[in-house]
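The form predicted alone is given below as one chain in structure tokens.
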Amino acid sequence: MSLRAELLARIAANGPLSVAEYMQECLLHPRFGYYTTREPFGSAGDFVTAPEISQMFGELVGLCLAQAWADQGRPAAFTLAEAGPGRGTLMADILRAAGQLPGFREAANVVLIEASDRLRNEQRRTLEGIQLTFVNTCAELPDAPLFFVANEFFDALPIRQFQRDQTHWRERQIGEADGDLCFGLGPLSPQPALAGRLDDTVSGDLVEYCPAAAPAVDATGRRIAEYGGAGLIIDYGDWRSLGDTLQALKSRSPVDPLASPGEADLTAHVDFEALSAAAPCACTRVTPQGIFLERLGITARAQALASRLSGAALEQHIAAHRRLTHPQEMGNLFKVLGLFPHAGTPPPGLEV
């Protein structure tokens, strides 16, 4: 049986699925899920994340967290955590760069928030020799000072979609038509979580809501507020959700989200306003990734690395710097939100 057939049978038995239920099955189904059966990252995968583009990204993130650790008095034991660590490339770069600060590596308890057993094995290989702790959710993080990063994590969390109909909402759902999957709308219903969106939408507008986002931010932010630390949430999106941003990538090309269940990566733009509202600690302004990296000194780092390169390697290096920072590439599409203790100092590169 394929995932498509399994989903159609489930719909026939129980009725339409929410977009969140569909995303959950497509991404994490134990037999057919995208993340459980495929290699999504790097040159062999369907997308390339910033750490895979250049080591500069992870190095600067690592130095940012290390400086935040130093600014808070260098706590002798802390959690260094990453949500959705992919192949472990970002954490490897963070540890290499942050390890230049004496005492950081020795004090760090490295925790990876990863639900996929297959990806956990990849991470163990990349981070061989490093003591790792794995947890399934942010709620399982230790109660200790927390220095946290989530790069392209929140965009893969399942979303629900709602279309406004006068003063109520109809949930966008996935059902069956002519033997195949199709989108439709559920019945009119009040949605308390969207009460504030009646002020900035009109009938027919579609908004997205990520039920899993607030608990994740609350769990990390509570530890930062209570024990100290800092967090960096880096993802594509904007301050407020409006419109259909669900997208699917297969073989590095956009496809219909319903066309290949379990065979394509499904993501949606991140609503940074919702993340900020859910945080029980202080938050920075949402800052474009390019500006964040420039403030941390990426151009100087790029020039230093370029001095040792030539030919095709130099051209690739220049292209990587542009891709990470240029407004027409990842520089403006991706945003950074910083978390830090109340009455504390924002992480380097960010401001309130």
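Because the structure is a prediction, the values reported are computed rather than measured. A residue's number is simply how far along the shown sequence it sits, counting from 1.
Another form, the form predicted together with S-adenosyl-L-homocysteine, is not on view; read the next lines as being about it.
Student: For the chain seen here without its partner, which of 184 to 192, 113 to 121, 98 to 106, 71 to 79 has a heavy atom within 4.5 Å of S-adenosyl-L-homocysteine in the predicted complex?
Tutor: The contacting stretch here is 113 to 121.
Student: Taking 4.5 Å between heavy atoms as the contact cutoff, choose which of V255, A156, A219, A92 touches S-adenosyl-L-homocysteine in the predicted complex.
Tutor: Of the listed residues, the single hit is A156.
Student: Does T37 reach S-adenosyl-L-homocysteine in the predicted complex if we count a contact as any heavy atom within 4.5 Å?
Tutor: The answer is no: T37 has no heavy atom within 4.5 Å of S-adenosyl-L-homocysteine.
Student: Check S251 for me: does it contact S-adenosyl-L-homocysteine in the predicted complex (non-hydrogen atoms, 4.5 angstroms)?
Tutor: No, S251 stays farther than 4.5 Å from S-adenosyl-L-homocysteine in the predicted complex.
Student: Whether P51 contacts S-adenosyl-L-homocysteine in the predicted complex should be assessed with a 4.5 Å heavy atom distance threshold; does it?
Tutor: Flag for P51 set to yes.
Student: Answer with yes or no whether L28 is in contact with S-adenosyl-L-homocysteine in the predicted complex, where contact means some heavy atom within 4.5 Å.
Tutor: Yes, L28 lies within 4.5 Å of S-adenosyl-L-homocysteine in the predicted complex.
Student: Using heavy atoms only and a 4.5 Å cut-off, decide whether all three of P85, N136 and E152 touch S-adenosyl-L-homocysteine in the predicted complex.
Tutor: Checking in the predicted complex: P85, N136 and E152 are all within 4.5 Å of S-adenosyl-L-homocysteine.
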